[in-house]
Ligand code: NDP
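Heads up, the chain below is alone and in the form predicted alone; it's given as structure tokens.
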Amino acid sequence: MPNYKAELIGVFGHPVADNPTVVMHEAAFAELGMNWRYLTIEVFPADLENAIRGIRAFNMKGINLTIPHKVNVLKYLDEIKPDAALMGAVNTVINVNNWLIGENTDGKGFMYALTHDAEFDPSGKNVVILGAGGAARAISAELALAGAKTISIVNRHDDRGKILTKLITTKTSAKAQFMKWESGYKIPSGTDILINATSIGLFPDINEKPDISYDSIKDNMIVCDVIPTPTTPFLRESQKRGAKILDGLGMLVYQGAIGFKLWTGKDAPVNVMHKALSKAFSIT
């Protein structure tokens, strides 16, 4: 007897129209012959609770969360995995018999890209992270657990920056400090890893770059951007200073592959997902 029912996953965000995650997941479903669909859904902050209820109502297998929902979603879930609880942010929800479990694959995806694609070991290194939102939480926690020596959180707002700094200091062995983000912020000497974990440079503002002193970037640094495009003004300016760069495309693919396995139980065709995203960015 034929089965016309598609299994549903997707992403909640605002704005979300430019989110390319659907491209890699649909390519993966096609490669494996799976009748699954990935939905890109605009969810305004005031509607997040109802949207989470919708996961159960539509019997969805799960959902991704992107800006601005990664932190606020925690209060609407049934269970938070320990690593996501440590980060205080969730980017992936798995629906197991209507029991909604929060996980975070962002940091894991970043770490895989850093250690495999860039072949860089963060153990014992000094890290500067621009931003203190969900991506910064995930990345800083994973770097701390991987043995980073110091982590400096640079943010314009004291409250979020200090909360994240305290989280790292009290929950991991890494040393953390908060730095107020003033115009033309200079990257401290001795920095090994610089990461833009903000949405600066995200579509439609693709020509924007973080307000820092780019001449303070040195050629012994590795500079990373979470914006999932092959290049950004931030990375181009850093590369001009001789820094090694790592774009956010690998992070997006790897975190997506982890989520794919959590939802479907199948290993993701990573190469197919990466190729699909690269092709999408080449024509946009």
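The first residue of the sequence shown is number 1, and the count goes up from there. None of these values were measured; they are calculated from a predicted model.
Same protein, other form: the form predicted in complex with this ligand, not shown, and the subject of what follows.
The listed set 108, 81, 149, 160 contains one residue whose heavy atoms approach this ligand in the model of the complex to within 4.5 Å, identified as 160.
Only one of the listed residues (145, 202, 167, 113) places a non-hydrogen atom within 4.5 angstroms of this ligand in the model of the complex, and that residue is 202. Contact annotation for residue 155: at least one heavy atom lies within 4.5 Å of this ligand in the model of the complex. At a distance threshold of 4.5 angstroms between non-hydrogen atoms, residue 132 is in contact with this ligand in the model of the complex. For residue 30, no non-hydrogen atom is located within 4.5 Å of this ligand in the model of the complex, even though that partner is not displayed. For residue 198, a non-hydrogen atom is located within 4.5 Å of this ligand in the model of the complex, even though that partner is not displayed. Contact here is defined as any heavy atom lying within 4.5 Å of this ligand in the model of the complex, and by that definition each of 248, 251 and 255 is a contact residue. Residue heavy atoms within 4.5 Å of this ligand in the model of the complex occur in exactly one stretch of 168-176, 67-75, 119-127, 185-193, and that stretch is 67-75.
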